[in-house]
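Next comes just one chain, in structure tokens: the form predicted on its own.
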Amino acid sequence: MAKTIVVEKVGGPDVMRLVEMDPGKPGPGEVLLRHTAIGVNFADVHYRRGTAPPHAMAKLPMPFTPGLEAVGIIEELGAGVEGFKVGDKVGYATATNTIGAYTEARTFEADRLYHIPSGVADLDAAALMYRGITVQGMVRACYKVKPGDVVLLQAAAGGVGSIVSQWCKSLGATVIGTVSRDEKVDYARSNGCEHVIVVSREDFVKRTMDITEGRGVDVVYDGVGADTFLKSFDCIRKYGMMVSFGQAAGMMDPVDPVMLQHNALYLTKFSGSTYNAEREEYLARAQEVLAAIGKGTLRPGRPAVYSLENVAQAHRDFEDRGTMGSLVIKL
């Protein structure tokens, strides 16, 4: 039996119940995993409270177990599994399998697993992999960050934001980061933000344009959504790009294409379920992230650690915007 979080109806953090469930036997092409660490992502919050995009909510079964990523040890192989053996330390971080990680043990498709190198700790992998794969898609595919670029990063002290700033700085870009409160400034700077704007007391559009001497930034990475999305377009240079990757503060208002036309701007929306739908592309992103962790390009910092029994508090902390960096469940 495995302790497992179950959500029977969408709502607040308290709708997550801890139950005992039999993970079952692995079927063909599957393995049985015993988790050692689980990543907590804001997407989990959206699914739990019913605020994920409508197409994603429409595919969500009820009841369900939240969670997009985990690290674990293979305990059993199903028929036809190649490239893995019992005892291997592996991970997964894929939005194409949108639920199921908040549990001690589960079966999982082997072709979506990657080996965790011996030099990468379980908690570090759980803290970085889903976010890292997301960031790799944003800075290497949506907009290819290059030396000399200026980046505006909304919510720079968050789990994804801290990785975006680290990676963009390593690529030679200047990062302007926004944070919600003063106590997050030093953390954002430590992850590579050269300039930090506290949005609770500063106009981020004005500050960004002052910093860039009126030019604007080459790209905005925005995971906040409603509170920052439309205003961020006023910070972008001609032919620059907006990369939206989340909606922590709520869904964005529609964008009039004429607004993009008059300012010669580009807009894209990153989706892990789309960008990582192809197995080869997803695994290539994962390998680049693991290599970046191994080289020290990406650092987990000090992730906030919770137990499976206390995961509701992790969700509350997320929603209060009181967290910095990544959140993980340790088993």
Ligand SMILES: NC(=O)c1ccc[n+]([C@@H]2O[C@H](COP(=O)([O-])OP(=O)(O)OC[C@H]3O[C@@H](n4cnc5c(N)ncnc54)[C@H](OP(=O)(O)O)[C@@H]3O)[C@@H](O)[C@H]2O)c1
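Just count from 1 along the sequence shown to find any residue number. This one's a predicted model, so the numbers in the text were calculated from it and none came from an experiment.
Below: the form predicted together with the ligand, not depicted.
request  = Taking 4.5 Å between heavy atoms as the contact cutoff, choose which of 292, 43, 265, 304 touches the ligand in the model of the complex.
outcome  = Answer to the contact question: 43.
task = Could you tell me which one of 173, 235, 139, 179 places a heavy atom within 4.5 Å of the ligand in the model of the complex?
result = Result of the distance check: 179.
query = Are all three residues 8, 66 and 108 in contact with the ligand in the model of the complex, where contact means a non-hydrogen atom within 4.5 Å?
reply = Not one of the three qualifies.
inquiry  = I'd like to know if residue 271 sits close to the ligand in the model of the complex, meaning any non-hydrogen atom pair within 4.5 angstroms.
reply    = Heavy-atom contact with the ligand at 4.5 Å: present for residue 271.
The ligand contact at residue 78 in the model of the complex, heavy atom, 4.5 Å = Because no heavy atom of residue 78 falls inside 4.5 Å of the ligand in the model of the complex, the answer is no.
query = Contact between residue 240 and the ligand in the model of the complex at 4.5 Å, heavy atoms?
reply = No, residue 240 stays farther than 4.5 Å from the ligand in the model of the complex.
ask   = Quick one: is residue 158 in contact with the ligand in the model of the complex, heavy atoms, 4.5 Å cut-off?
value = Contact check for residue 158: yes, within 4.5 Å of the ligand in the model of the complex.
ask   = So which stretch, 212 to 220, 164 to 172, 241 to 249, 139 to 147, is the one near the ligand in the model of the complex (non-hydrogen atoms, 4.5 Å)?
value = Stretch with heavy atoms near the partner: 241 to 249.
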